[in-house]
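Here you get one chain, nothing else, as structure tokens; it is the form predicted on its own.
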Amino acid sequence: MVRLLVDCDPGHDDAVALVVASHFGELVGITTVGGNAPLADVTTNALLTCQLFGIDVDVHVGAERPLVAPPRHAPEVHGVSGFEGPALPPLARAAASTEAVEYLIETIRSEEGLWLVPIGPLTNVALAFRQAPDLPSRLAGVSFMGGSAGAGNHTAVGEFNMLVDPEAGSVVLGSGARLHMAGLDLTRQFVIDDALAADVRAIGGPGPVAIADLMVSYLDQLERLGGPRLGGLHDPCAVLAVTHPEVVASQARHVSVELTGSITRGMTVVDRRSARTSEPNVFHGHTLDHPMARSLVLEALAAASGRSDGRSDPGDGVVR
């Protein structure tokens, strides 16, 4: 079974990705980064996800802000806390450390062949790669959710994770690691709609019901912003690209990120020319088997819902 480290900023889709990673992979550790919401909130959300779904993995707190730019969050999509919508139980877990970058360095150095799956801004990963340049060669690969070969979501061409910290994105894209990109052109093929929320709710149990409520809140937000009740379940795609590579069709391409453009900052430039001069640095995911991906996510949520009732066992050693 593939062994994974997940770096995240939950967010409903991050929560689903954590469940998928813990079910289909061997989840080694979780690190958090400021992104969809401030760092304290996304860390709480990661801990609540572990609590709701019985995921027995340590959570380490990482970077609060990007390398260069001021912090940027997405309350208009995920709510101020990142987990707008559900009634959530009291938090009964605590982070294992506030040293996510050090944790990544130590863990990757202690075991070759881990997969790193960043599904938020790439700040923690860039900091770790800068401090420990040997890490890219020790990893099996980095499967990240970020960027787009087409339209953005927070600007016309900027996807949120890359837009928040494009300097970190540039560090990772130039790191020499084996990179797999799950950009918006792939992840928008995994559709969240009211039917998916209903199927998740039908699983039953506190965890799936909370995820369903998060999905409905997300769809409500999209509708309030003037769009249809349709969105993308982005982050699980980066996990499935590792655990079920047959679900994602990809092609080796060169990808770079724009750092200076006044209206294109954060844009990922994917070289899709048939005759190119730039060397590929990324396996760019372009086509998703949506029915299989949907089935796998529902399977993971159903399996995980049986592991926990959303409360904490008094004897489990967590901090309260």
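All residue numbers refer to positions in the sequence shown, first residue = 1. Note that the structure is a prediction, hence the values are computed from the model and not measured.
Keep in mind the form predicted together with a small molecule is missing from the figure; the text below concerns it.
Q: Can you say which of 232-240, 172-180, 196-204, 131-139 gets within 4.5 Å of the small molecule in the predicted bound form, counting heavy atoms only?
A: Answer to the contact question: 232-240.
Q: Scan 32, 49, 268, 36 and let me know which has any heavy atom within 4.5 Å of the small molecule in the predicted bound form.
A: It is 36 that has a heavy atom within 4.5 Å of the partner.
Q: Heavy atom within 4.5 Å of the small molecule in the predicted bound form: which of 81, 221, 153, 189 fits that? Just give me the one.
A: Selected option: 153.
Q: Within 4.5 Å, heavy atoms only: does residue 115 come near the small molecule in the predicted bound form?
A: Output for residue 115 is no: heavy atoms all beyond 4.5 Å of the small molecule.
Q: How about residue 184 - does it come within 4.5 Å of the small molecule in the predicted bound form, if we only consider non-hydrogen atoms?
A: Looking in the predicted bound form, residue contacts with the small molecule include residue 184, since a heavy atom lies within 4.5 Å.
Q: Should residue 103 be classed as touching the small molecule in the predicted bound form when contacts are defined as heavy atoms within 4.5 Å?
A: Residue 103: no contact with the small molecule in the predicted bound form.
Q: Is the gap between residue 161 and the small molecule in the predicted bound form 4.5 Å or less for some heavy atom pair?
A: Contact check for residue 161: yes, within 4.5 Å of the small molecule in the predicted bound form.
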